[in-house]
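First comes one chain, alone, set out as C-alpha cells in the form predicted on its own.
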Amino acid sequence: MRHRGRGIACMWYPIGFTVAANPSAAVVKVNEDGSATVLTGTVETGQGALTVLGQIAAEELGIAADDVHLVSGDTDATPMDTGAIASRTTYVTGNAIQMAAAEAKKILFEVAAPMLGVRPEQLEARDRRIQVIGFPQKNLPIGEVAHHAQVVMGRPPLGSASYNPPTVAMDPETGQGKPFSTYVYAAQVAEVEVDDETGEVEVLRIVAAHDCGTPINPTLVEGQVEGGISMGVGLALQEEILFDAEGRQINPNLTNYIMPTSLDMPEVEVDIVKNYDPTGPFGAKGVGEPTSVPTAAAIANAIYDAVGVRIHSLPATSEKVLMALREKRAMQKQIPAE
C-alpha cells in the first residue's frame, strides 16, 4: 500500500567565509562606444555568475547588460578573487564590481558636468545617457562623454575597487561572535509517496521559499533553487559512497553511484522571498549552496509523516525504509493491546 506524507525543513546559511578575509577585486572600464569592460577573477561554473555580475555593472553605469563585456578567471589579467565558493560571488564580488563601476561613473560625471552646465552631483546615468536629474531632456550619450574624457580631458573613465566583508574575531573561550556579514534563510516542503511493501519513496512535489536579498536575476535564482533541490533529492534517496573492507570505493562510477536524473525530479515550485540587504549590491545576498540544505530533511520528515518511521542515516534507500517499517511492526506486535 502506498502512503502520502508531507514534511517541512527550514535553514539559515552564512554568505562568505568566517573570520578570515575573503576579498574580491574588480576593474571597470567605460569604452568610447558606451560599452563597458569588467575584469573579475570570478570563474563561471554554470551558476550564471557572470550574467549577474554584468547586470550589476550595467545597473550602476546606466547601460544595458548587453553593453557589458566580462573578462574573468584569467590570473594574468584579472584582479584577485577568493573564488566561486561559499555562496559569496553575488555578494562579495558584486559589491566590488558595483564600487568599481561607481568610480568610473564618477569620472564620467565630472567630465560631463561642465559640458551640461551643471554640477556632478546633479547628474545621473540612465538608458545609456548621462542626464540632469529632473531634466532628462538635457543629456549626453555615455559613449560621447567617455570619448571626451579620454581624448580631450585625458581622464579615461576607469574604476577599480575591492570588497572584503567585515569580519569579527570569535571569542576564543565561548566561540561566540559574528563571523559572517550576512545570512540567507529558506524553508522547503516536500510531499512524498511511500510503498510500505517495498520501502520505495517517490518525491512528488517540493515547494521552496528562499531569501536571497534582492534577486538580481530571478530566472537564475529559480534555476539555482531547482538545481539545489535535485542535489538534495540525490542526497536524500540515492547518492552514497560505498567501500569494501579494505577501504576501497566499490561504486566509483556513474553505473553504480546512483544520481537523480530529470525523470526523478518532482514538481518544483519556487517562491523567491525579496529581502533587501543594505550591505549587498543593490540589496542582493546569495542563493547557491543554501538551495540544497533543507531538501533532504524535508523529505525525511515527509517519510515519517507518511509511514511513521524515522530514517537517521542518508540516503533513505528502499532497504532502510523497509527495514525500519519491519522493526516498527515487530515492536507493535510486542506491545500487548490494552
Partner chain sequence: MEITIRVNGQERTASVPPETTLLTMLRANLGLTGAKLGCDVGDCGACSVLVDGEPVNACLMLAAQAAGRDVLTIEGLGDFQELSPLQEMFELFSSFQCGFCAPGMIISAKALLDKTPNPTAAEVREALSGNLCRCTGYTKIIDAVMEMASRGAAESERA
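Numbering follows the first chain given and starts at 1. As the structure is a computational prediction, the values presented were derived from the model and not from experiment.
The same protein has a further form, the form predicted together with its partner chain, not shown here; the description that follows concerns it.
**Q** I need the one stretch from 228 to 236, 125 to 133, 171 to 179, 155 to 163 whose residues put non-hydrogen atoms within 4.5 angstroms of its partner chain in the predicted bound form.
**A** Contact criterion met by 228 to 236 only.
**Q** May I ask you to state whether Gly46 is within 4.5 Å of its partner chain in the predicted bound form, using heavy atom distances?
**A** Output for Gly46 is yes: heavy atoms within 4.5 Å of its partner chain.
**Q** Is the gap between Glu200 and its partner chain in the predicted bound form 4.5 Å or less for some heavy atom pair?
**A** Because no heavy atom of Glu200 falls inside 4.5 Å of its partner chain in the predicted bound form, the answer is no.
**Q** Indicate whether its partner chain has at least one heavy atom within 4.5 Å of a heavy atom of Gln224 in the predicted bound form.
**A** Residue-level check for Gln224: yes, a contact with its partner chain.
**Q** With the cut-off set at 4.5 Å between non-hydrogen atoms, does Thr75 touch its partner chain in the predicted bound form?
**A** Heavy-atom contact with its partner chain at 4.5 Å: absent for Thr75.
**Q** Could you work out which of Pro120, Pro260, Pro79, Gly143 is the residue within 4.5 angstroms of its partner chain in the predicted bound form, going by heavy atoms?
**A** Partner contact (heavy atom, 4.5 Å) among the options: Pro260.
**Q** For a quick check, can you give me the residues of 276 to 303 that have a heavy atom within 4.5 Å of its partner chain in the predicted bound form?
**A** Read in sequence order, no residue approaches its partner chain (within 4.5 Å, in the predicted bound form).
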